[in-house]
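Below you will find one chain, with nothing else, as structure tokens; this is the form predicted on its own, and questions on how it binds or moves follow later.
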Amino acid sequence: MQVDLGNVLDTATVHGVSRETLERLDARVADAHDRIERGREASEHGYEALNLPSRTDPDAIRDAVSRFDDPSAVVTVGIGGSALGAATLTDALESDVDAYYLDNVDPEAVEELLDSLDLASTVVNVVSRSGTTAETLANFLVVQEAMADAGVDWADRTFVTTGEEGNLRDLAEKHDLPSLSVPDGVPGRFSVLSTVGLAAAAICGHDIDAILEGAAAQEAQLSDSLFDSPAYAYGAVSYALAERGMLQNAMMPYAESLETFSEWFAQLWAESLGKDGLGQTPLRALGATDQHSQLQLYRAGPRDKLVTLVRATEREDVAIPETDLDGLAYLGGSSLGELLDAEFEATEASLAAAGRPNVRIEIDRVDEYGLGELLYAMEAACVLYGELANVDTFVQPAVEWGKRAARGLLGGGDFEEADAVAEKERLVIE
């Protein structure tokens, strides 16, 4: 994996950073790296996530799912970090086992999915550290009922990924369900390289050892200099550009298999860094599709964006047939992959020509190893950015406020946040 910062330098963009600025910032990166390493050594909350490549036990994950023979599908019931990491992996990799995610409580979508599945050959993974997540538990109750209506014993098709105590742990013990433990000290949005993110991949037959090996390769490159670590290079430059007003970060992979990765990145970046009036708002785009829509804004709109372009340098390809049509002959004899690469490089150059900062991230292939590299690097980049910005990367008080308000509205307790909902001012136009 490599990160190219050429198009964020002040010689290439209006609000770029100079090489001298990067050298000065590197001293702060060294201090931040020291703090991160101390946190990792002490297994402090949040920092523990960066230890997962060596601490996650892939054999334990395979053992937990081994009782489910030849499933046609796996449904992960979870929300946020309990689903997005796993979805990033299974959406990016091909498998004979279909992977689905109940990560919302839209009743029509839930019903449509359950009606479409052969529940007798479907495995259900319920993921919640606390075992009390309202959306997850509500969806699981609906799944249980659907299985009963289909004549399927839900306990034969279900395993849980949860904390050491709570409703789901009690359920697993009562019904002798296979279970995996959510690791201590790892926030959900940083849990893709743990039991939380890897269980669905294991059921789908993916090489979870290779995922962890890719992550370990990036872990080994963490150092006291941004010039020696792709992860730190990206985190440091993202921070430096935010300080210069680039308060939005458009994550734009040039591979449809990485579209869900952009969603995962959006949660990681927003929930970790959006504190105390600070942060960099993540945007989601897909190349080359969004060259024909969002690129107009990125190139000619407000100068408040960093664009992150991601691609794999190796992939399967499809030849473009020769044609006699006027104006299209230049396409014949090339390939879709060559066209996609040309679009990538044209977008990169277009942004640079307009003085808009952009970063290129490249992995060799969209495979287990490459995904492990990419996911770990983005997590480490996020942690470094948080250290440089002096925000608490691993808490999410704004999210917790909304959870308390919703629980209060449903009669789950007396929460002052629920009272604030009733006090909403209204101005309705019909």
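We number the residues from 1 along the sequence you see. This structure is a prediction, so every number in the text was calculated from the model and none was measured. Rigid core: the largest C-alpha set superposing within 1.5 Å between the two forms.
Form predicted together with another copy of the chain: not shown, discussed below.
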item: Answer option from Leu117, Ala216, Val152, Leu297, heavy atom within 4.5 Å of another copy of the chain in the model of the complex; value: Leu297
item: Of Leu113, Ala288, Ala73, Ala210, the one that lies within 4.5 Å of another copy of the chain in the model of the complex (heavy atoms); value: Ala288
item: Partner-proximal stretch of 117-125, 202-210, 320-328, 179-187 relative to another copy of the chain in the model of the complex, 4.5 angstroms, heavy atom; value: 320-328
item: Val399: touches another copy of the chain in the model of the complex, heavy atom cutoff 4.5 angstroms; value: yes
item: Partner contact for Leu409 in the model of the complex: another copy of the chain, 4.5 angstroms, heavy atom; value: yes
item: Val421: touches another copy of the chain in the model of the complex, heavy atom cutoff 4.5 angstroms; value: yes
item: Partner proximity in the model of the complex: Glu165 to another copy of the chain, non-hydrogen atom cutoff 4.5 Å; value: no
item: Residues within stretch 257-291 having a non-hydrogen atom within 4.5 Å of another copy of the chain in the model of the complex; value: Ser257, Ala266, Gln267, Ala270, Glu271, Gly274, Lys275, Asp276, Gly277, Leu278, Gly279, Thr281, Pro282, Leu283, Arg284, Ala285, Leu286, Gly287, Ala288, Thr289, Asp290, Gln291
item: Did Asp414 shift 2 Å or more between the shown form and the other one, C-alpha, core superposed; value: yes
